[in-house]
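Okay, so here's just one chain, in structure tokens, the form predicted alone.
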Amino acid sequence: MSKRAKIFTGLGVYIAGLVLLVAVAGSGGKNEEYQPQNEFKLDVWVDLPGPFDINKAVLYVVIAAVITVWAMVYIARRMQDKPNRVQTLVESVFNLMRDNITRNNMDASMAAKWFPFIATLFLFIWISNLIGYIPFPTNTEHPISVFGLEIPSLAIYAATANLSVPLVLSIVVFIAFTYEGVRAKGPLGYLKGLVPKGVTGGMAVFIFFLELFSNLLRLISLSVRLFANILAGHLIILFMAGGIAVLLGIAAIGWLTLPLGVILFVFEVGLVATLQAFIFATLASIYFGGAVAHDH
């Protein structure tokens, strides 16, 4: 069968399935009970004193942290003089983190000092994003009954789709680059560095507070960008993979949007997960470099 024939056959099956679903299932009416946002609701699994409850976000953070530490230790112990394909890939990622992310934005000594932190940050976010597209039995709202046991159903969720996780990472970065700036210039020197040279009087006061506010906004630029992109990606996949069909009660829509859901899933896994980790780590490096720079 030629390539063109395969394409037309696939389209024919797709259209026939759509027509069949419309004819057989029709419309069940709008589903008022289905709440898509509940996919990201954090039900408490283990109730502990204070803000230390265990939920699926904690599970995903722990999994990502364990995989990050294991991967770094495992790879470091198995470096060879003649690299295989896996080591070649690892070295490419290493060069990306060292040269493109850190050395491009910091001086040599600063890059050497903070490279382990930036690299760990990049890998942790990258792995967190990637495992967020692996279905785990974490949906406790809609459990499956197996031999009388209520087992959570499969669902995809990312810790980075919860604002608290990117925000904590952003706060750590903010504290770290502020510390470096104060250490390099002194407290007064760091604050004076917020105002460009040659600016005096009332304009200097205005720019100082503007730059101070801009520094605080870096918490938002880091955390919200990561959170919003991962959350939006998961929501779009959820809707395209059947959420709209369930919400509207029309099975044919699920068949219509499923290919788009698959395409979006591949796009998110193949590009967005890596890109958002790269952007977060790169911005963090830029903020480190800017904190110690003597010229505004």
Partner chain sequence: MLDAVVIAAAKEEGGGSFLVQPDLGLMVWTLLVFAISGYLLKKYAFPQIAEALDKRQRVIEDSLETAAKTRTEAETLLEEYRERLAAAREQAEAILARSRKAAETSEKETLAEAKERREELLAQTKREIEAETRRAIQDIRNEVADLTILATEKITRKTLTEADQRKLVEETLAELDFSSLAGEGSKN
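Numbering follows the first chain given and starts at 1. Note that the coordinates shown come from a computational prediction; the quantities given were computed from them, not determined experimentally.
There is another form of this protein, the form predicted together with its partner chain, and it is not shown here; the text below is about that form.
Counting any non-hydrogen atom inside 4.5 Å, which residue from Leu247, Val266, Ala65, Leu258 sits next to its partner chain in the predicted bound form? Exactly one residue meets the criterion: Ala65.
Identify which of Ile131, Ala176, Leu194, Leu169 has a heavy atom within 4.5 Å of its partner chain in the predicted bound form; exactly one of them does. By the 4.5 Å heavy-atom cutoff, the listed residue in contact is Leu169.
Look up in the predicted bound form whether Phe40 has a non-hydrogen atom within 4.5 angstroms of its partner chain, and give yes or no. Judged by the heavy-atom cut-off of 4.5 Å, Phe40 is in contact with its partner chain in the predicted bound form.
Can you tell me whether Thr200 touches its partner chain? I mean in the predicted bound form, with a 4.5 angstroms heavy atom cut-off. The answer is no: Thr200 has no heavy atom within 4.5 Å of its partner chain.
Its partner chain contact in the predicted bound form: Leu121, any heavy atom under 4.5 Å: Judged by the heavy-atom cut-off of 4.5 Å, Leu121 is in contact with its partner chain in the predicted bound form.
Hey, in the predicted bound form, does Leu188 get a heavy atom within 4.5 angstroms of its partner chain? No - in the predicted bound form, heavy atoms of Leu188 and its partner chain never come within 4.5 Å of each other.
Looking at 214-222, 200-208, 178-186, 144-152, which lies within 4.5 angstroms of its partner chain in the predicted bound form, counting heavy atoms? Partner-contacting stretch among the options: 214-222.
So, a 4.5 angstroms cut-off on heavy atom distances: do all three of Gln87, Phe117 and Val165 pass it with respect to its partner chain in the predicted bound form? Answer is yes for this spot.
Though the partner is not shown here, which residues of 48-73 have a heavy atom within 4.5 Å of its partner chain in the predicted bound form? If the 4.5 Å heavy-atom criterion is applied to its partner chain in the predicted bound form, 48-73 yields Leu48, Pro51, Phe52, Asp53, Ile54, Asn55, Ala57, Val58, Val61, Val62, Ala65, Thr68, Val69, Met72, Val73.
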